[in-house]
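The chain below stands alone and is given as structure tokens, in the form predicted on its own.
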Amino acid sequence: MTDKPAIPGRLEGLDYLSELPQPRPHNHEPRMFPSGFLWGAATSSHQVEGGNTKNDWYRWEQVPGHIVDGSVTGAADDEYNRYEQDFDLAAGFHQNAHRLSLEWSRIEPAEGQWDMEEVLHYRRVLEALRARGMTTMVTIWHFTLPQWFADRGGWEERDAVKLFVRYVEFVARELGDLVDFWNTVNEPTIYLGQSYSIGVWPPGVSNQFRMLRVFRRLAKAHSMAYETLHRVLDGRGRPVMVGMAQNVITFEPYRKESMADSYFVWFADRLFNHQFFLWTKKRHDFIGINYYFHYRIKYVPTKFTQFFYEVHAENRTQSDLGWEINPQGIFQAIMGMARYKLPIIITEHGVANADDSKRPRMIIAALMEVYHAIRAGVDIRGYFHWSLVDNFEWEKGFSGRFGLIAVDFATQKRTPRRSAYVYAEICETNGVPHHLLRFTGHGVRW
């Protein structure tokens, strides 16, 4: 057996290493966020309150087949009665802000009839947040419509915007002193797709012309709500911050060299992410970003109506609902919306993951991308995790568990998940401590 020949030259002594570029000093300090950054979680009324029987979703849930797991909201999280318990948990986990929504059908159960007991309820809810030192963000409309409004045609009704603005003015006068940030509408493009394209939400329509009509109404509703909130609340001695929460989807071409793929990525981005803002220019004080979806687009010219499809059969990391987990995409989402040169708040971001095996890693990875965007010069004011507690996830029912806090819906027992403690350390630190980066595969030592 002959010896292996020696490697000639300076490799023998590994002296060449001294001539290679040396790594930068490793930073073990926390990745700090701006002073006053908002750290919170989000919910919506129908998904957590329970007992909402006067809106269009209540009727929709009663029809077999409308909800994937066959459930109905019922008592949901009983948040209507347990809000102080859940706010204590949020405050105990060092959250300094909370996002919630008002249930229109509670406040105006019949056309033109205001239920002052429900108004007082929401005042108590907002006062409970204030008592815990938490900044409040209120969504005025989060998908559900009063049944009387839906019976008139919903957003297709000619007077829909007028009726909505009347509601907006009422809640502004009754609750405006307790609200720091307003979201007029939540995810209008998602609502359009789910309700008027694929038809899995009420009113269950698949009609592009009706969808376009509702798009115009929602854009006008936001613009007029923006003007109404400022008209009613400006001059009360505190700034009025009005925006909306947009579900920003990130896209990339499946084939980098394909001009067709690249064109349809541009088309999809403009259609889903920017069209609403183009119709509502100068009617935003901040931009709310909800981020969940990342699509790879491949152009398939098989049908005139099939411009692109999502490549979704590659065994990528997915949530319990089958959505790809791509936390790095939140940087792209932020930078895409930064073109409007307005403050940005991450109004929703989360993952359906019942065993909590993926949530801590996703939170850390996404917040590092938010940190990078801040370092790139974007004015980002806050991050709201979706969700504080497990909830009713629309047509999916209770099968998607998004909560930092797990809920046993039979007993209403709350159990904080590991991710709640991870997020609590971030909230308390106002940054991402270095040792938490291990969740993303980053070693504490080199």
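Just count from 1 along the sequence shown to find any residue number. Worth saying up front: this structure is predicted, and the values here are computed from it rather than measured.
Heads up, the form predicted together with beta-D-fucopyranose (FCB) isn't pictured, but that's what we're talking about next.
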item: Stretch in contact in the predicted complex with beta-D-fucopyranose (FCB), which is absent here, among 223-231, 257-265, 338-346, 181-189 (heavy atoms within 4.5 Å); value: 181-189
item: The unique member of Asn290, Gln95, Thr73, Asn353 whose heavy atoms fall within 4.5 Å of beta-D-fucopyranose (FCB) in the predicted complex; value: Asn290
item: Option touching beta-D-fucopyranose (FCB), based on a heavy atom within 4.5 Å in the predicted complex, out of Phe170, Trp323, Phe276, Tyr299; value: Trp323
item: 4.5 Å heavy atom contact, Asp390 and beta-D-fucopyranose (FCB) in the predicted complex; value: no
item: Tyr383: touches beta-D-fucopyranose (FCB) in the predicted complex, heavy atom cutoff 4.5 angstroms; value: no
item: Interface membership of Trp394, beta-D-fucopyranose (FCB) in the predicted complex, 4.5 Å heavy atom rule; value: yes
item: Partner contact for Ser101 in the predicted complex: beta-D-fucopyranose (FCB), 4.5 angstroms, heavy atom; value: no
item: Contacts with beta-D-fucopyranose (FCB) in the predicted complex, stretch 142-156 (heavy atom within 4.5 Å); value: His142, Phe143
